Every structure is written in C-alpha cells, then in structure tokens.
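A lone chain, given as structure tokens: the form predicted alone.
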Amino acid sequence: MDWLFIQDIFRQMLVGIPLTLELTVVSLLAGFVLAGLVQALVSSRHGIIRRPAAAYVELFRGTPLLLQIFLIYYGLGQIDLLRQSFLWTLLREPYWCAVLALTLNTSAYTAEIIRGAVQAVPPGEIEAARSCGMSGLLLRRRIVWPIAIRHGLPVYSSEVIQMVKATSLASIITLNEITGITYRLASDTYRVIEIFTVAGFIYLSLNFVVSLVFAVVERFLNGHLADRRT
C-alpha cells in the first residue's frame, strides 16, 4: 500500500470538509425551524391545515433524496415564472439547490422526530403540572419540552449522522465537498480502492465526533436520572 499516495489524497480531501460541514449545519438549522412549523400544522385540529402538512412529510420521506436534488436543480429552471423572480439569483447556484433539497428532506424527518418525542411525554406528568396551575407556554417550557428533548435527542442524533452522509449527494450537482473531490481524484488516478477507503474514513471520523457530542449532551441531560439510581 502506497502510504505517501494515501497521505496526499487525504490532504486533498480535507479541503472538502468545510463545505460538507457547512451544508450539514445550514440544512439542519433551517430544517429544524421548518420542522417545528410543519409539526405545528400537522398537530392542527383543522383538516384543511393538517392534511397538506402531513402530505408534505410523506412526500419528502417517501421519495429518494437524490431524486429531490435532481428535481430542484434541473426542474426549477424549467419554470419561467421562477427564472424571472429574485429567487433565481439563489436557485441557479448548485450550493443553494443542495441546501434547499437537504433542508426540505431533513425537515420532514425531523417533524416526525418532534412528533414522536412530544407524544412520548407521559400524560401523568402533564396532568400533574396542570394540577399545580401550569398551562400554556409555562407547561411546555418546564415539562413538555425538557422531557421531549430527552426522548428525541437519540433519534435526532441519527438524523444528524444521516445528513452528514447525505451531503455526499451534493457532488452530483458539481459541488466539491468530500465526495466531489473523491470522484475527481478517482477519475484522475484510477486508484479507486485507496481513494474511497480514505473518503470512508473521513466520513466515519466526522460521524464519530457527532456521536460523541450527542452522547455527552445526553449524559448531561440525563444526569439527574443517574443520580437517582445511585
């Protein structure tokens, strides 16, 4: 195995890490905000509001992310009204098309994570809080949200890891993140095994750090439960 070659391609792939992380962070932040809105609509008692939001979730959870990226990158340009609007200055760029696709995709999954986390809050906890006079925002801030976060965080950590890997699909629309650089190096050298092994190691390392961060946060949030057991 040519270690000098591996070190060289490793240094070249490191250049793509900032773009990979940027795509991940921007999409997750925007997706989380959108997911909160979608979940609020899905929880509505009015079917005219609930059904379109539920259809949105099923649409982006039920279709491949690769297809969504293609439709946004190649399809939006076919809409004359959009091409004549101010949005075209952003959506004609591969970066913003990738961000939009990743955001819409993760928002659908995150909305379901939020729904499951909120439903996991024991009804007895809510009833006890209401008997103490809590309601509205105070009830959510002190009871519902803290418990929901503890339930939802492990699942959301998997979504974050999935998004780190999903950014690799941005390479198909010419973005030079980690996978984009990997394809270029493979086409230049034809040394596929070494190049893709290094790329896999980089993704594995990034997701190990993500897992470690979430494990620390979970331990902090559940610290009071460990104290009770001891």
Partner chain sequence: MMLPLETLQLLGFGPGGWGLPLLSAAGVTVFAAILGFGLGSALGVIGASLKLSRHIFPRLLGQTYTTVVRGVPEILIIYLFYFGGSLWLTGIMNIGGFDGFYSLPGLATGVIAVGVVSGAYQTEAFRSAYLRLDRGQIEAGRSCGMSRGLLLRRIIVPQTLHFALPALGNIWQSALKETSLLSVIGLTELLRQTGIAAGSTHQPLLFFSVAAAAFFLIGRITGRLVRRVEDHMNKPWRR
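Residue numbers count along the first chain shown, from 1. What you see is a predicted model, and the numbers here were worked out from it, not measured in a lab.
Absent from the display: the form predicted in complex with its partner chain. The rest refers to it.
The three residues P18, L37 and V210 each lack any heavy atom within 4.5 Å of its partner chain in the predicted bound form. Proximity of G200 to its partner chain in the predicted bound form: non-hydrogen atoms within 4.5 Å are present. The shortest heavy atom separation between L29 and its partner chain in the predicted bound form exceeds 4.5 Å. Although the partner is absent here, G116 is not a contact residue: none of its heavy atoms lies within 4.5 angstroms of its partner chain in the predicted bound form.
Shown alone here, A186 lies within 4.5 Å of its partner chain in the predicted bound form, counting heavy atoms only. The contact residue chosen from L137, A120, I79, L90 relative to its partner chain in the predicted bound form is I79, the criterion being a non-hydrogen atom within 4.5 angstroms. Contact residues in stretch 39-72 (any heavy atom within 4.5 Å of its partner chain, taken in the predicted bound form) are E58, L59, R61, G62, T63, P64, L66, L67, F70, L71.
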